Ligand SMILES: C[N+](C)(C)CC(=O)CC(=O)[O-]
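One chain comes next, on its own, written as structure tokens: the form predicted on its own.
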Amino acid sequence: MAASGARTAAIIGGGVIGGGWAARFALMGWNVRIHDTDRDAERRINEVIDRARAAMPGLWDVALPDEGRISFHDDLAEAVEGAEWIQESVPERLDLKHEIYAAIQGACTEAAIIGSSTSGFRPSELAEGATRPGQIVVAHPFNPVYLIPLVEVVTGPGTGTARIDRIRSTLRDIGAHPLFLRREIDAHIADRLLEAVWREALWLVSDGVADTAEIDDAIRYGFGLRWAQMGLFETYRIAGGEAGMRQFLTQFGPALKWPWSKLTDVPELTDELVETIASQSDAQSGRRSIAELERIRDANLVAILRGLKARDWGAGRLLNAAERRIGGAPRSLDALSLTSPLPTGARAVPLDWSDQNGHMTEHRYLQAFGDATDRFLALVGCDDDYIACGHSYFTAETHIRHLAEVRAGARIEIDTRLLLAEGRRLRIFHRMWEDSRLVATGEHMLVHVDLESRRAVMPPPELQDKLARVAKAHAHLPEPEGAGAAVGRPPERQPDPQE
């Protein structure tokens, strides 16, 4: 169900890119209206959106907003009426785009942003003859739009500061990274770089130096791994050693004049060369369907992005920043009712959390419950600032019960009850839910420690007071089923004389 008060985006032109835009907007809580004259568009777009539903929520460690309502419209004017953002993704024909913009501007509000997914046209070309030229901007994404955050934005002189600010905030709100070009140029930034690599790759095949699989291996096993997390210039800065970029340019700059590259020439795409490339590509990847390759691509991208996210680096830093904006979780006990277990987790199960059976692996249950423990501790005052001052809680025992299967893509929620807060010990009980179904429980015994001595110590009075407040409120709740089965009450345990 769409969230009340959801914002509205219109997608003009479906296909892979338009469907990707629709998915990103909808999964970030926007209502989406789609217009495409192709009779098969709805099926194709729904396939893209289904792939996005399986992959995109798994990027986040918080729950995304309720998915927006997606609707298909034969009438373009109906699709754009009242829309805040209108994204055009029709074929790269300037006359067609001009025709589409005339129809859009005849029906949309003056405040609406009209973004074009064009990979080559400049905004000055797109806006020729437009009623409101400053309303039309380049917003060039990268496939798959619902996973790759970069959007190249090129504005014109009539766009205005207020509209630019709205473009920036809107794209960030849907988890994208707007890269504003300093001035308009054919093919923008990324496609110009890609075109150079693509041209060289075509020459390598044409000259018989390498086949398509070998060229792909050179990228994915080599510099592609560096580019994914540091880009080009920062990678070469490291290559210059302690002296950095100046040393790199001094040492390797002369090589730029060597006759290595054919950047200014393009191999003629003869029937023979086309057949060579196509047959090599078939041999390389043809055993898998395009749909299967798309699913593999998405799963790999999720794993890469989540790895960067854990390091708070590159595209992962963008995800963390967006997550802080959309998380919306209470930051203190004062914002919560203590008469029930505390909400400590809400997220989708990522693709890389599933095993060969298609359900969440055992150690991911522990991770989910561990994250919930951290969330509970932060609520009672044991947050990053507290830990930086030299104290924390260490987990001493854990007991997890697996009650039902949880599959990748499922939305799970965790609540936490405080069972014991005495002396240095803390005993908490987590419940994991999928909708109204209890799928797992986790019970943990923790001990408060001094991080310098690494020994158990009493928590300070202010932390004890917060824990006592929660413990008193939770004491009236019924004992949760499964509590105490293995954690906190081991048989024949001797009491600690210091407790």
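Quick caveat: nothing in here was measured; it's all calculated off a predicted structure. When you see a residue number, it is the position in the sequence shown, counting from 1.
Note that the form predicted together with the named molecule isn't included here; everything after this is about it.
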Q | Contact segment among 136-144, 412-420, 267-275, 379-387, judged by heavy atoms lying within 4.5 Å of the named molecule in the predicted complex | A | 136-144
Q | Position in contact with the named molecule when the complex is considered in the predicted complex, options Ser119, Thr159, Ser206, Thr212, heavy atoms within 4.5 Å | A | Ser119
Q: Could you work out which of Ala321, Ile296, Leu194, Ala102 is the residue within 4.5 angstroms of the named molecule in the predicted complex, going by heavy atoms?
A: Leu194
